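Two forms of the same protein chain are encoded below as structure tokens; each is given separately, as structure 1 and structure 2.
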Structure 1
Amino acid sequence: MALSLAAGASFEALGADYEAARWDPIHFKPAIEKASDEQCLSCHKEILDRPTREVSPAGFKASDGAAWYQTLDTYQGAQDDFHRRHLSSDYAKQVMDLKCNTCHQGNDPREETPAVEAQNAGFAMRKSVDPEKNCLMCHGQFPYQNMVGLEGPWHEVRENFDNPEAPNGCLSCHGEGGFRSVRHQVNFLKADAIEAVAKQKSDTCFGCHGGRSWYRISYPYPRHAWPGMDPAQPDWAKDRPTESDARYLAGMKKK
């Protein structure tokens, strides 16, 4: 009989060894799709508990440099762990509603790569996360060439839009009655909170859609229809989806 964490107990409490835990149904679909953070963290709590290094293996002190995510005013404090920044930090709690299985959808150990060199041969790395379906959804860059009225990258032209009366220059075009005013309607974000904070400073928007973009790769965001949207699609928007993936809409109330 397979062990299960359905009741929220840890594998240690069940007396399970590593191999039994590895093959537990909670690590596979469909069980992982309904796994709670409590179940995941009953075994993986070190993800949120382990401290960050004060000094790198090469001897560089964290206090002597700034990580890329510290360069915007949407982040406060010292360098911190990746998972804490996305799950338990003050900012994460304010604007995000990420769960462990938002990114981790499980994998079949029989399909894992037998060696690092084989990862490009159709095998998956253990607990792999697809950056195109996860990371880039929030951290994909939106090329300025696709934006009407922008003559250069945002960090170069932002001063032309920001002013004391309207501190978020992004909303000069993307505010009510503007372009792409229907956004963030997915179950891992707090859309209303994001919109409220965005009115105060443009780094709320630029933080994800530019300042923290991964590898400067453009992500083909779903093009949700907004009031007054021009039915004619520009070339760059052709063939884009008009809705987010179904699993990111689960539990959402349509507006």
Structure 2
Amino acid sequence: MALSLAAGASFEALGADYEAARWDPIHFKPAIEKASDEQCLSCHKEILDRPTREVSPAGFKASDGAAWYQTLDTYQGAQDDFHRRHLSSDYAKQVMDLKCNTCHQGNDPREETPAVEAQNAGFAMRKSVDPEKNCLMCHGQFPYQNMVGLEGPWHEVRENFDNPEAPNGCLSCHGEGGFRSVRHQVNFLKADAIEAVAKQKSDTCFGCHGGRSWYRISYPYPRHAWPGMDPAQPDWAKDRPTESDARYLAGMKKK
């Protein structure tokens, strides 16, 4: 079958035809687990290159509107492409280290998500990204219900915590010696850089813990033991893992 491809030039360079490229085993388990970004980008260069539309297909100008998330302080610059915002924006590069296969976990396209419950059987949603185990980590609600000492959502209580001398009120409870101080030791985050940037404002922390929430639920974070932790577990934490998902620990040095 003759098909034209936006990325045709790179397929030709590879000597691969469209069907062979589409069914390249690199898309599926187990090969996808070991794939490097360079391998994926050898065919999908457009993922980081393509410009956003100035006008939608229906004629709406991007400059005439803004999505709610573009109005947040955490959103810098003009609207940009989803992939670049996670892989190559200045902020993404500063605090994150996401790879293609952090999100794309691969599955057989002939078996795409037969039903929502089936996600639990190893299927994932559209384009093989698992939103519940992935996006939710950084785009869930602020789980203040689990935080002793917080009476309400952050936007209501933050003025009791953020102050000019200590502009990040999260750290009054989550600083050194505080609650859940063992965090972010995963292969897609830059843990030290996050703490360094976060000294200036609580929005750094809130950004990934409620400030960019696309979901009405919050991610059930693993609960890593921290120095000084009370061994008695609160009820809400009974089913929590005590370590990050194994997939996110690959390549990490134990601290």
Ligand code: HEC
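What you see is a predicted model, and the numbers here were worked out from it, not measured in a lab. All residue numbers here refer to structure 1's sequence, counted from 1. In this text, the rigid core denotes the largest set of C-alpha atoms whose superposition between the two forms falls within 1.5 Å.
K.L.:
1 or 2: which is the form predicted together with this ligand?
P.N.:
Of the two, structure 2 is the form predicted together with this ligand.
K.L.:
Is the C-alpha displacement of Pro57 equal to or greater than 2 Å between the two structures once the rigid core has been superposed?
P.N.:
Superposed on the core, Pro57 moves its C-alpha 2 Å or more between the two structures.
K.L.:
Can we say the CA of Asn187 moves by at least 2 Å between the two structures when the core is superposed?
P.N.:
Shift of 2 Å or more: no.
K.L.:
Superposing on the rigid core, is the Cα displacement of Gln70 between the two structures 2 Å or more?
P.N.:
Shift of 2 Å or more: yes.
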